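We begin with a single chain expressed as structure tokens, specifically the form predicted alone.
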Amino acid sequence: MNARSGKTLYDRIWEDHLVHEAPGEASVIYVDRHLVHEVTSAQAFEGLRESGRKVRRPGMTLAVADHNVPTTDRRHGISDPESAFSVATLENNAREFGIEFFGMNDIRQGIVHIIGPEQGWTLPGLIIVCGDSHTATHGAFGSLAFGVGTSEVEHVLATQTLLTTRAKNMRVSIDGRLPLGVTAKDMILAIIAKIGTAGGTGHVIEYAGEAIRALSMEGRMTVCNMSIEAGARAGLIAPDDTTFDYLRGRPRAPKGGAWEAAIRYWRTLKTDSDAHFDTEVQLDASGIVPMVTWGTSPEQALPVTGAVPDPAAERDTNKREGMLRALSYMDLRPGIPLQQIRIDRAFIGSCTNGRIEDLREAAIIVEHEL
């Protein structure tokens, strides 16, 4: 960072949490919140057990059954033995190490990236980690959030800190207004189509501009969630009144005088006008149309008005081979208009679009079609 320039939002949060930094070494940063689920935590807890360690700050870790929970009726439990075992193991580990656990039948249970915001546990200015790449979702609240590996999960449990390296700064500015029917998912797919799935590699992306500020918190979560598909370490959006209105009154959000104090601090979480970004990207929201991924990568996306591309027209050998594999898998032929492709199945409720707002939008469409 240029010593004469101001700070980005990422710089500000990073420096507030920096425990140790030295040339040629990974930095040590403090972690405010740690989310764990059944897929990436078992080995980490076993490591603690073998080394005789405890969880450093149990109250700052929250465990939730997520990935192996059935989408069907839960009253009969989990039919798959391996999935049932992994969820039971998480519950046992949470009990042994004194961590709060949202079980499969807990009304608060849900997708690990969504329960934090719903509970008001996700707050601006925090560093949040989880053993899942889409932890970037929490960046919608102005928190620095990213996924970590199993060994890092153990390190955070034991020390409440993380060894990592400082990322570069990228700003994606989207000004103007989104056309009718265009959503946050279309916005992030348009960004990825523009910069590629490796476009954000080595960066934390801050999303800015009129179109970003106009999004609901659910829309912002969608954008930040898919920062990972752009290759970025994390995504960030500066908190504002939309953020505060969402958090007000949530079960774990500050109350009374603490709420007012928090608001005063949160309003300082913004990028300075003279801050330096290593990479700048700009898009016009009015030019974004509904997007469709025709292949197997978010980068393989086109406007719904387009057609399946022809790999023969791609000069890059690696991209051309990837396109051929994708078309083979999708059983599509070049030149087919995207609007003519029949949808066989639609899954609603992924971590990208699993909020109540998303489900209500889907319900409106289904009701209209019926």
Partner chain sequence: MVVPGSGLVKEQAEQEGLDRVFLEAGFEWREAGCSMCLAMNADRLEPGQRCASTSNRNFEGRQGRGGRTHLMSPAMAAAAAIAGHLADVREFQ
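Residue numbers count along the first chain shown, from 1. Since the model is a prediction, treat every value here as computed from it, not as a measurement.
Form predicted together with the partner chain: not shown, discussed below.
Stretch 328-336 is the contacting one of 309-317, 328-336, 42-50, 28-36, since its residues have non-hydrogen atoms within 4.5 Å of the partner chain in the model of the complex. Checking S151, Q282, T72, T268 against the partner chain in the model of the complex, a heavy atom within 4.5 Å turns up for just one residue: T72. Of the residues G110, P124, G199, G131, just one reaches the partner chain in the model of the complex with a heavy atom at 4.5 Å or closer; this is G110. No residue in the set E210, M217 and F244 has a non-hydrogen atom no more than 4.5 Å from the partner chain in the model of the complex. Contact annotation for F146: none of its heavy atoms lies within 4.5 Å of the partner chain in the model of the complex. Although the partner is absent here, R355 lies within 4.5 Å of the partner chain in the model of the complex, judged by heavy atoms. With a 4.5 Å cutoff on heavy atoms, H276 does not count as touching the partner chain in the model of the complex; it lies far away. Contact annotation: L359 falls within 4.5 Å of the partner chain in the model of the complex, judged by heavy atom distances. In the model of the complex, the residues of 214-232 lying within 4.5 Å of the partner chain by at least one heavy atom are, in order, N225, M226, I228, E229.
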